[in-house]
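Single chain ahead, by itself, as structure tokens, in the form predicted alone.
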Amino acid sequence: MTDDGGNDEARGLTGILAQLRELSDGDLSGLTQALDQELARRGTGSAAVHANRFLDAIIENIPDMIFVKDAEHLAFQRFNRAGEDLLGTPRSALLGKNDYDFFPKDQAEFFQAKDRNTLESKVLLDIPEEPIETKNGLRWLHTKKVPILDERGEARYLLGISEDITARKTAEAALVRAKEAAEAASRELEAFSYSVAHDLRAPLRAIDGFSQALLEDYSGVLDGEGREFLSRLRLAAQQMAQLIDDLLNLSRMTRSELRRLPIDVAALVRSSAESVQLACPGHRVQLVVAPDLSVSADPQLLRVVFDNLLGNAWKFTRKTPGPRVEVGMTSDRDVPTLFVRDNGAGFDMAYVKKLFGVFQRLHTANEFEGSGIGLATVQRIVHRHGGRIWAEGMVGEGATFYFTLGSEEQST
């Protein structure tokens, strides 16, 4: 046989193995026909010997375990080097033996039951995850088994290919353990934070209450400076109480169940703006809302998003002549994107990464009040919906906050 003939043999046998790896259940006719044609093409004598050598070379260099069993006794007739390395057993000890000679009884019964099922059904069997005890320890395989039929359509051999997926299974198990550990730590942290915040409220109420009593009942005894000190003490206690409430709200945004429903965004925005306006009666803002805005989101969580974004817009336009806030929808990479834009104080884009951090503020408390938690809460809600949020702004020229809300599958 010439070198070209040898190359033809290699290509033919490689094609057969490729078909085995890609076969779907119930479709063996193509593979059986290919094997028959291949055997017929080899002929006899030196050509057959040469072809067998090519077959051995190809099987030996397949990185997955390849094995052949006879249909009658399910004894191993052929085995490649990858199989030897996987099992830790030389093929000389495997050939002519069956699964009961090497594996625990329950595993051998499992393997042979699958083999018999494959031979009787005469269709490919795909086993996505198969544990196997080896001299190298427990391994996990993705195995495909297919019967090799004779000219009468009877199963003569069983051919199998097994991919070692142990590394993937180990990585998946490690990820599950890490996720469970992170969730447990998160629950413990949230419980601790809730407990601390709850316990802090009582003394803060006492500080505020007694300070108020001193101002009301002993104002004649205190001079102006003393009354000023007590007023500052009350304000600090109230700010601390608000900070605790904001932290608890941020924690709840993580724990609360997310329910997506169709939402009329324009109606939700107007309702939120009314609440914000009631809290700021002396500051009138022109609100422009695009018509026919609708999304699928959790109504309560989306209300929190707009309460915070509109609250910020009202706050940061307080010193702006002709304050204006616009809510609309655009697209980012063909993804529907909501935005809230104002013409207020704006911010320096050099500090944009600080915007969504807890306790991060780009303005002092003397300029604009706030706890620095609102935007962190907004970001958490957006991320829970599988979306993203970002901002653009310029000092003295206002700011725009954009956000997407992902899809049902991306929600957490």
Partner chain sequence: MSDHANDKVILLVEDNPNDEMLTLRALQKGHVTNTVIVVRDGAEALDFLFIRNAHAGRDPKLTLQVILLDLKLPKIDGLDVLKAIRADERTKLLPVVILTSSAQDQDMVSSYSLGANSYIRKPVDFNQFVEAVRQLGLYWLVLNQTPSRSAG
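Predicted model, so just to flag it, every value in this text is computed and none were measured. Numbering follows the first chain given and starts at 1. The term rigid core refers to the maximal set of C-alpha atoms that superpose within 1.5 Å between the two forms.
There is also a form predicted together with its partner chain; it is not shown, and the following applies to it.
At the 4.5 Å threshold, heavy atoms of Y194 reach its partner chain in the predicted bound form.
Shown alone here, E129 lies farther than 4.5 Å from its partner chain in the predicted bound form, counting heavy atoms only. Its partner chain is not shown here, and in the predicted bound form it never comes within 4.5 Å of any heavy atom of D334. Proximity of Q238 to its partner chain in the predicted bound form: non-hydrogen atoms within 4.5 Å are present. Checking 203 to 211, 162 to 170, 223 to 231, 112 to 120 against its partner chain in the predicted bound form, the stretch whose residues place heavy atoms within 4.5 Å of it is 203 to 211. Taking D106, D217, E72, D85 one by one, only a single residue has any non-hydrogen atom within 4.5 Å of its partner chain in the predicted bound form, and it is D217. The contact residue chosen from D264, D150, D245, E183 relative to its partner chain in the predicted bound form is D245, the criterion being a non-hydrogen atom within 4.5 angstroms.
Along 260 to 282, not one residue places a heavy atom within 4.5 Å of its partner chain in the predicted bound form. The Cα shift for R232 between the shown form and the other one, taken after rigid core superposition, is smaller than 2 angstroms. A197: CA moves 2 Å or more between the shown form and the other one after rigid-core fitting.
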